[in-house]
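In the form predicted on its own, a lone chain appears below as structure tokens.
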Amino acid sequence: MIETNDLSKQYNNDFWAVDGVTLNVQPGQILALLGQNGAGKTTTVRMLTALLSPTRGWARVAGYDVTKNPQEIRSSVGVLTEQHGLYMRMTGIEYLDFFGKVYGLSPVARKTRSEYLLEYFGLAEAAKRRSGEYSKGMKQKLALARALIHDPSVLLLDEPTSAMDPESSRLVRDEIARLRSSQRTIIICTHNLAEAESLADYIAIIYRGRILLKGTLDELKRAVLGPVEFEAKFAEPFDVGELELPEGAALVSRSGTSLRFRVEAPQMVNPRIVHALTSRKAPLVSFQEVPRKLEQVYLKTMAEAQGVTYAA
């Protein structure tokens, strides 16, 4: 649904805002594009929406080339930009109706779609108020409703839950997850790593216009943080002595009531570790994976890119 190859954008001062971005996002997938301010996320999105022409490389969105088919791309894509561009003198219902006209929806379709989105995002009671009177969070929800007004197959969302209260943020995340299930393809540019971790099927980290790392969350964890670790916890202090571990497992740390192992192939090795413990009559309470967050992956990747030491 979204495919790029060597996608690049150079400005007049020889500055490469985006340099060699190659991505492939399938129908129904969510890609989280992560990076610092100025890393190239917004420029990438602008090229994918045919607002900027690539200097080098190419991109196709919903089967259309961003250079050859800009009108078709704009009809297939819904965009939430960091700067909403709301028309402050319009009411919420007028604003959505206006963009429904822009996208060629019939009067009945505009009314039905606008009323549904206003109700869904909790803006129905404010539908006849000017958007200039809305709170920051309400403006964000109206902008997201605008991105969805024409029921697009591709969504490009820049900080979709910025400035929202926790309840509204949860509603938007639930809506994004629901949209994925309807085979829409979504790119989210966000600084909210917990949000990216909960929503994304695929993650790309961009720095100074280049993709440093991309893959599923599990792939990134393994590539950056190494093999997965598991912890065995005991009901009481227990000394297992010199525990004989199977091949593919290494003891990382121990305390009186826990042991931590680094494991190469958990499905094969973990049953053998548990068997080794229970054969020693260890009072085992739990044996589970040690949680590893996207935040650790991101911070370590960025630290290495900047040539500094990562402090876990």
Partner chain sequence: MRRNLEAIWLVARREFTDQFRDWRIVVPMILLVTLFPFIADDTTRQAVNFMNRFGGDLILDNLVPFAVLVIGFFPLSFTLVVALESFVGEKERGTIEPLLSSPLEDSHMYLGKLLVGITTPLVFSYGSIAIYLFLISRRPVEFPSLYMLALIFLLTFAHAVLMVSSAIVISVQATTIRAANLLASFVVVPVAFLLQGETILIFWGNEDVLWFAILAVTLLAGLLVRLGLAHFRREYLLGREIDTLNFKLIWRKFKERFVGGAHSVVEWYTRELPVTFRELKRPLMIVTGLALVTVIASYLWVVFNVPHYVNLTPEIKNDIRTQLSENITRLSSLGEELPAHLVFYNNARVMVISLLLGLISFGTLGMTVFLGNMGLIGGVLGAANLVGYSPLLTFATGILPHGIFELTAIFLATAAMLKAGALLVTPQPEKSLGETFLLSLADWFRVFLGLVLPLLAVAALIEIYVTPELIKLAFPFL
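What you see is a predicted model, and the numbers here were worked out from it, not measured in a lab. Positions refer to the first chain, counted from 1.
A second form of this protein, the form predicted in complex with its partner chain, is not displayed here; the remarks below concern that form.
Chemist: Give a yes or no for N192: in the predicted complex, does one of its heavy atoms lie within 4.5 Å of a heavy atom belonging to its partner chain?
Modeler: The answer is no: N192 has no heavy atom within 4.5 Å of its partner chain.
Chemist: Look up in the predicted complex whether E115 has a non-hydrogen atom within 4.5 angstroms of its partner chain, and give yes or no.
Modeler: It does not: once its partner chain is placed as it appears in the predicted complex, E115 has no heavy atom within 4.5 Å of it.
Chemist: When the contact criterion is heavy atoms within 4.5 Å, does F98 count as touching its partner chain in the predicted complex?
Modeler: It does: once its partner chain is placed as it appears in the predicted complex, F98 has a heavy atom within 4.5 Å of it.
Chemist: Just checking whether Y11 would be counted as a contact of its partner chain in the predicted complex - the rule being heavy atoms within 4.5 angstroms.
Modeler: Contact check for Y11: yes, within 4.5 Å of its partner chain in the predicted complex.
Chemist: Please name which of the stretches 82-90, 164-172, 221-229, 195-203 has residues with heavy atoms lying within 4.5 Å of its partner chain in the predicted complex.
Modeler: Selected range: 82-90.
Chemist: Consider the chain as shown here, without its partner, and state which of R130, K111, R208, K233 has a heavy atom within 4.5 Å of its partner chain in the predicted complex.
Modeler: The residue in contact is R130.
Chemist: Counting any non-hydrogen atom inside 4.5 Å, which residue from Q183, S106, Q71, T216 sits next to its partner chain in the predicted complex?
Modeler: Looking at the other structure, the residue within range turns out to be Q71.
Chemist: For 260-289: residues with a non-hydrogen atom within 4.5 angstroms of its partner chain in the predicted complex?
Modeler: Nothing in this stretch is in contact.
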